[in-house]
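Shown next as structure tokens: one chain only, the form predicted on its own.
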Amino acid sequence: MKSGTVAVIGKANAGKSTLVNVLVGEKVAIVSPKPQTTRDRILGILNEEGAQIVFVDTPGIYKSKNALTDVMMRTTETSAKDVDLILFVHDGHKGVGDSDLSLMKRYLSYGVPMLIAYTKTDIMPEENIPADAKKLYEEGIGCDVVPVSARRGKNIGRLKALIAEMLPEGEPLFPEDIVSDRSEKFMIAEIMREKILLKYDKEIPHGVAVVVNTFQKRENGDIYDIDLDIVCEKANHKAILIGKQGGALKETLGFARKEMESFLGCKVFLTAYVKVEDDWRDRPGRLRELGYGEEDFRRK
């Protein structure tokens, strides 16, 4: 059978996590329209007849601004060099610019086979696709380009088949009943952070971390008790997160609880507290405590 790892690489907001969720067939990564949604390397495991494809969803590529984004970029670079295939996800509706070509050439230079998923074709003129494909070819980007729409499922089957074809022969890397390497507790924190990303504007969501203090199922098995901290960087951010008379936080927790219940398959009793930790994103020790870049820190 075919079996291997696929690093999903691309600029921020190219649609990497959405594509991984569609390819795997289950939600293994949170999504939002904002950059920096994906902070960790997350595995999504697809089991098909005759193939196991392990997708490595990575943080989006953009200019580093603090210690957290430095860790995120190192995670992306390391992931791209230690896989069987690179799936470079390009936002097709933005066209192909010089920075896109430069990135593609850089990852091609790693010597790892590469395939380009040209995404968001449902929100762009179809006639732009062959013109962009020609531009890539003329610029020396010699790998296959697959136009896809994750939202509409267009060409997803073709993309899966081509990925499997490019992987080596081998035994499965994970049991067939596993779809991700991440724990339920990790996903609960990510669901909370996703709702904050969707609810709040500007810089506030990017300065937020979520710490799950309690994640416990009651003895009768009907309810999970979940207690978590929402860590932000400034006192005024805390005020905005909570909102007038706690209204904003209450609404956000309601959205999060509903998805947590769907994810866990039972009722959730959710409590949360907002705490201020100045400049936590620029404190490597605190980043390590929060679980960001643990592999990166171990290498150091």
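Residue indices: 1-based, along the sequence shown. What you see is a predicted model, and the numbers here were worked out from it, not measured in a lab.
A second form of this protein, the form predicted together with a small molecule, is not displayed here; the remarks below concern that form.
Q: Report whether the minimum heavy atom distance between residue 217 and the small molecule in the model of the complex is within 4.5 Å.
A: Residue 217: no contact with the small molecule in the model of the complex.
Q: Indicate whether residue 34 is a 4.5 Å heavy atom neighbour of the small molecule in the model of the complex.
A: Yes.
Q: Taking 4.5 angstroms as the cut-off for heavy atoms, does residue 14 touch the small molecule in the model of the complex?
A: Taking the distances in the model of the complex, the answer for residue 14 is yes, it comes within 4.5 Å of the small molecule.
Q: In the model of the complex, does residue 180 have a heavy atom within 4.5 Å of the small molecule?
A: Residue 180: no contact with the small molecule in the model of the complex.
Q: Hey, of 268-276, 26-34, 44-52, 245-253, which bit sits against the small molecule in the model of the complex at 4.5 Å between non-hydrogen atoms?
A: Result for this chain: 26-34.
Q: Which one of 106, 151, 160, 74 is close to the small molecule in the model of the complex, taking close to mean a heavy atom within 4.5 Å?
A: Contact residue from the list: 151.
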